[in-house]
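Here's a solo chain for you in structure tokens, the form predicted on its own.
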């Protein structure tokens, strides 16, 4: 049973400067909701309410967001017609049991995950990266938990990408096709040159891992970029046990990329009943005007 989730959120967000000079990239809003809220919500909808967020310097805004704001609640209580906003603010503070630990040095995703060792203990756990948010009828993490319960070994999320982009992702090599969406993995390679990529199946930001990954990460030397890469740790873990890859159903938005962030904002806005119809008409008008 998966009870705990880990969300690494210590990155500097340099691709979104100057906005991230004074606020964490995880707090950039997709429509009116911080990106990290979508990630936390996915974990909750998958049945997990124990969440550890790995933070870094100048990330206190994340903690403040998921905490109570007594002053704001008091202000809203005193204003007529603000009941819905009051309940919205109060609900955020009670989403889940959220804990925090700081990654003191930016030594890579593998190092960030390693910070969760004491909190996770010997349990299986999931990792959700904040750069990926999904639109899916069944939450992507919930889909992956089904696969983990079927096989009892680590499961990582995959997406087929343009072969010319393989040097930007961790890429997997397939050992056996288990179903139309699930594969037993032969190998994992961090950002291989396009000519050496074993497939176009890229590792994306959802993982279900077992606790034996921690000892491996403790003994993993810095790899590409001088960082401890989670992919390198998984490669060694695969020598000890099976690892499965799963292509989830749904649409992934890479909001760590400006184009992806804008697309996500448009698509999530269109889904909204309060602003979606009017926004759709606005987009149609843009098309008519040739913009």
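Not measured: the values here are computed from a predicted model. Residue numbers count along the first chain shown, from 1.
Although it is not shown, the form predicted together with ligand UTP is what the next lines describe.
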Contact of residue 107 with ligand UTP in the predicted bound form (heavy atom, 4.5 Å): yes
Answer yes if any heavy atom of residue 161 is within 4.5 Å of a heavy atom of ligand UTP in the predicted bound form; otherwise answer no. no
Any chance residue 22 has a heavy atom within 4.5 Å of ligand UTP in the predicted bound form? no
Even though the partner isn't displayed, in the predicted bound form is residue 275 close enough to ligand UTP, meaning a heavy atom within 4.5 Å? no
Ligand UTP isn't shown here, but in the predicted bound form, which of 99-107, 173-181, 137-145, 75-83 has heavy atoms within 4.5 Å of it? 99-107
Candidate from 112, 188, 157, 133 lying within 4.5 Å of ligand UTP in the predicted bound form - any heavy atom: 112
